[in-house]
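Encoded as structure tokens, the following chain is the form predicted alone, with no partner shown.
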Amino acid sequence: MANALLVIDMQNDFCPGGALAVAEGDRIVPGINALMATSDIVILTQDWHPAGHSSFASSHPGAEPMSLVQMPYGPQVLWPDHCIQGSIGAAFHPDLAQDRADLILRKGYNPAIDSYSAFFENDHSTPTGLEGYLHSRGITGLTLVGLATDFCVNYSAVDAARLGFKVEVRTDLCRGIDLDGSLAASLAGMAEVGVDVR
């Protein structure tokens, strides 16, 4: 069984000092680098928003960051502006060994819809192309690490499991945002669909 390491959104804006910093987000970089060094196939995802993205609170006059709005595809958290295409914040953490990547998958570039999952945009039906890539390389198992546990790691892991991949999430190499209990809910939700949460 071919297994790939999927490294989710290890970008400056999600690390301390970034626009949407996850506590201790930078602390997991050395462990991820060590795991990449022993993995046959490595895929990095990169949040890649155009300026003025519809998921930014700044695009909704009077809205506060971390508030919830209804979008045509369902509820959407409004975030601080982050990971804007070509910005320092969108770049990978400088210590991440990104030269190990077989593929860098960019997501969230459609201004009208956010994309937490590495597999689908937030309408849960528009594919990113990752599933096809994995099948074409004969990959049946995935190990997920990165940021943030309760959003992009969670959505990616759940989608992967539903698509039939054998999925493991290394929680020691993830960090979460924990927005209104989202961390505990995500860990339970991943386990429910058969993800091996370690």
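Position 1 is the first residue in the sequence shown; the rest follow in order. These numbers were taken from a predicted model, which means no experiment stands behind them.
The form predicted together with pyrazine-2-carboxylic acid (VGL) is left out here; the points below concern that form.
Looking at C174, you'd find every heavy atom of it more than 4.5 angstroms from pyrazine-2-carboxylic acid (VGL) in the predicted complex. Taking the partner from elsewhere, Y116 is found to have a heavy atom lying within 4.5 Å of pyrazine-2-carboxylic acid (VGL) in the predicted complex.
Using a 4.5 angstroms limit between non-hydrogen atoms, F165 is distant from pyrazine-2-carboxylic acid (VGL) in the predicted complex.
Although the partner is absent here, L147 lies within 4.5 Å of pyrazine-2-carboxylic acid (VGL) in the predicted complex, judged by heavy atoms. Proximity to pyrazine-2-carboxylic acid (VGL) in the predicted complex, taken as heavy atoms within 4.5 Å, picks out 42-50 from the listed stretches 166-174, 42-50, 129-137, 26-34. Applying a 4.5 Å heavy atom cutoff to pyrazine-2-carboxylic acid (VGL) in the predicted complex picks out D9, F14, L20 from 3-34, in order along the sequence.
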